[in-house]
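Quick setup: one chain, the form predicted alone, written in C-alpha cells, and binding and motion questions come after.
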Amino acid sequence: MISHSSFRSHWSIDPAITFLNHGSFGACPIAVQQEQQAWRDRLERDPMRFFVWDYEELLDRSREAMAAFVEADAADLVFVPNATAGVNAVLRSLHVRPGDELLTTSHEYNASRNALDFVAAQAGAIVTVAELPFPIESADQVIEFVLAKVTDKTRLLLIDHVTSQTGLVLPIEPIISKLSAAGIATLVDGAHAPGMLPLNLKKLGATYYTGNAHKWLCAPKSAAFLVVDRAQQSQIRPLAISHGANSLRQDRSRFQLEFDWTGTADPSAVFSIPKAIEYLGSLLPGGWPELMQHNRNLAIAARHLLCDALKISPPCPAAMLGAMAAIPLPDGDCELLYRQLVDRAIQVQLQAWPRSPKRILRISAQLYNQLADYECLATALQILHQSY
C-alpha cells in the first residue's frame, strides 16, 4: 500500500502513481478546480452579460492579484495562455534587423529556442549561444559565460529563470543589470518561477518577463502572464490581432486593450488565479514563503538521496536549486527507461539531453510529495540499473 503526504488529498492525482513531475504541467488542487468550474458555470448561465459587462472587471481582479504576487505594476501585466506564447509575442513583435545578434544559453527551453531561431531566420539575424556546462560548479560561471558572448551587435538576451531540462535557478539579476546598463533588452522565460521562487519584477528590471501560473502557482492550465517595461509596450503585440488594434478607448493602454481581448476564449483559468494564490498560501502556517522553502528543502533532500543511491556526484551547488533538481544518468535508451518507470507507476521527467544517448532525470518537489516518493524512485532505478 502506497503511503502519501497528508497534503495529497488536496489534489486529485491518482493515488496509485508516485508523481514526481509537477514541473512539466503542474497539478491543480481540487479546490481550485472547483473554482474554475464555478467560473465556467457563471459564464454559461449568461454569456452576453459575462463577456460584455463582467469580463474586464474580473480580468482586472486577476491582474491585480497576479501583479501583487510577482511584485509588478498591474498596468504592465497582461495574460497569455502560457509562457511560450509570452516569449513568442515579444520576439515576433521586435523589429529585428539583419546582422543583429540574439543571445541565449545552451539550456534554453526548446520551444522558446525554436521561436528565437524562427525570428532570427526571418530577419537575417544571428542567434548566439552561451554554452553553459552541466554539471556546473557555480552561478558565477553562468554570469561569466553569458557576458562573454555579448558584443556591440547584441540586441536581446533570451534566458530562462529556471532551466527546464536541468532545473537550475540562473543568476539573472546581475546579468540583467549589466545588459540594461549597455542598452540591451532582456526577455526572461520565467515559466517555472512564479510559486517556486520569491519574485520582485520591479526590482529585477527585465525588459520582458513571462511566467506560468499553472505550474508552481497551481492555477488551472492556460493561465500565464507577460510583464513588459512601460517604455516598450507600444511595440509589443499579441499573437492574435483583434478588436483592440483600432479601439478608440482612452481608459486603458493600447497594450492592455490588445492583449485583454484576442477573441472568444475560456477565461476561467485566469479568473481562478486569485483562488490559487489564496488557497496554496493557506496550506502552511508561514504561507507562500514557507511553501516555497518546504519544496526547495524537499528537492535538495531528494537529490541527495538519489545521488547517494546511484553513486552520482551532485551536478550543481544546492544554492542553484529551487523546487526541481536534475541528475545526469549513464548513456542509454531514454524512452525505454521512461516506460519501465511508468510500468512501476512512477512519473518523473526523463529527457535525452543535450542529445541522445545522453540522458537527464529531473525530479520535482511539491507539497503533496514526501521523501518516501524519491526512495521509491531510487529503488526502481537501482533495480533497473542493468537495463538503463
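What you see is a predicted model, and the numbers here were worked out from it, not measured in a lab. Just count from 1 along the sequence shown to find any residue number.
Just so it is clear, the following notes concern the form predicted together with a small molecule, a form of the same protein that is not shown.
Comment: 162-170 is the region of 139-147, 199-207, 279-287, 162-170 lying near the small molecule in the predicted complex, near meaning a non-hydrogen atom within 4.5 Å.
Residue-level contacts in the predicted complex: of S242, S93, N82, T105, one residue has a heavy atom within 4.5 Å of the small molecule, and it is N82. In the predicted complex, the small molecule sits beyond 4.5 Å of every heavy atom of S272. Interface residue remark: H214 is counted as part of the site for the small molecule in the predicted complex, having a heavy atom within 4.5 Å. The small molecule in the predicted complex is approached by A191, whose closest heavy atom lies within 4.5 angstroms of it. In the predicted complex, Y109 approaches the small molecule with a heavy atom inside 4.5 Å.
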